[in-house]
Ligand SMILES: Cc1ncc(COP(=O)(O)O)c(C=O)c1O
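Next up is one chain by itself, shown in structure tokens, the form predicted on its own.
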């Protein structure tokens, strides 16, 4: 009797049906499965299943037994093989072990986690910093926590999946505006009712096309409508601004941005994510942000490498200058060869080469790989509908010789595939 009262709906008491009704839940993906199989049956390699057998440096790896130039890793500042960064990780592994096995709010905050947050506060000049296990979780956490059901999140239509997913996890009302349109942002903010809070979500660099946001104008519009502002600097940190803080620093709006979200998996060269802010109530997020509370914290070796890298990035002016040089040279070289690019000039370290269809894009990707250059292939839904591209992300450690080699191999592949004449 007691057991029945404690568990009145025990599924063990329910008889199983002879047959299970309904369809395979994977059926919704049948069209995509068929498309992928047809692509692979044509003889091309899987652009989303590449394995790097050995990584030699930030710019070189062994793929299928062949030395390959890496042009699709987001390793913008080349920190993955920095000797100081590697030594810090090894020391932390020896002193603190391989993992925390706990949440940041329980047993998962070690000395290194605090030191990493201190490094972020120093780098950004903020009062508060909060480290997450991934950059994805940082966006997931902020978007789902900060705005409630009576509030509004106003976001760029081309926002990253982590921003959209954070909005879906929360209860706020979502308003999208046209990509990088100051006028549409102003119009949509102006249509909102007086009640409820407003959070405008922007990105410094948009990762698919490599274009930057007009942050000075957009932040001005947001503040006119009394909105809080978050800028995702995943692809701007380390590269933009006098201190490498991101596009918002270069745009001169540091004192008007309420939150900056970022990741360690790009310029920092490891894994993890963060939010920094000067808001006086910011620390309450540690108690109410589910993607922070209910997940294990980063291993000690990871936060040690991140903290060391962040401290060095502050003084990496020469690397920033060389990365700009590489980006401008590659953009100009590809444009002069006749490739269609997503931006008229190099706006960031991301150079997107637009191609007419998936078949051409995959074959161009494979031709480059066989010539010894790895780039990212991107297609919908990661890109806007009907857009296919090869995304190149340059590194400060790419030599001038490597950039010249990349341009030459794009020319050879482009001519062989009939993309350029």
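The shown structure was predicted, so the numbers you read here are calculated from the model rather than taken from an experiment. Numbering follows the first chain given and starts at 1.
The form predicted together with this ligand exists for this protein as well; it is not shown, and the discussion that follows is about that form.
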{"query": "is_contact(residue 136, this ligand) in the predicted complex, heavy atom dist at most 4.5 Å", "finding": "yes"}
{"query": "Contact label in the predicted complex: residue 331 to this ligand, heavy atom within 4.5 Å", "finding": "no"}
{"query": "4.5 Å heavy atom contact, residue 249 and this ligand in the predicted complex", "finding": "no"}
{"query": "Heavy atom of residue 203 within 4.5 Å of this ligand in the predicted complex", "finding": "yes"}
{"query": "Residue (of 263, 75, 277, 301) lying close to this ligand in the predicted complex, criterion heavy atoms within 4.5 Å", "finding": "263"}
{"query": "Within 4.5 Å of this ligand in the predicted complex, all of 361, 378 and 414 (non-hydrogen atom)", "finding": "no"}
{"query": "One stretch from 79-87, 117-125, 309-317, 226-234 that, in the predicted complex, holds residues within 4.5 Å of this ligand by heavy atom", "finding": "226-234"}
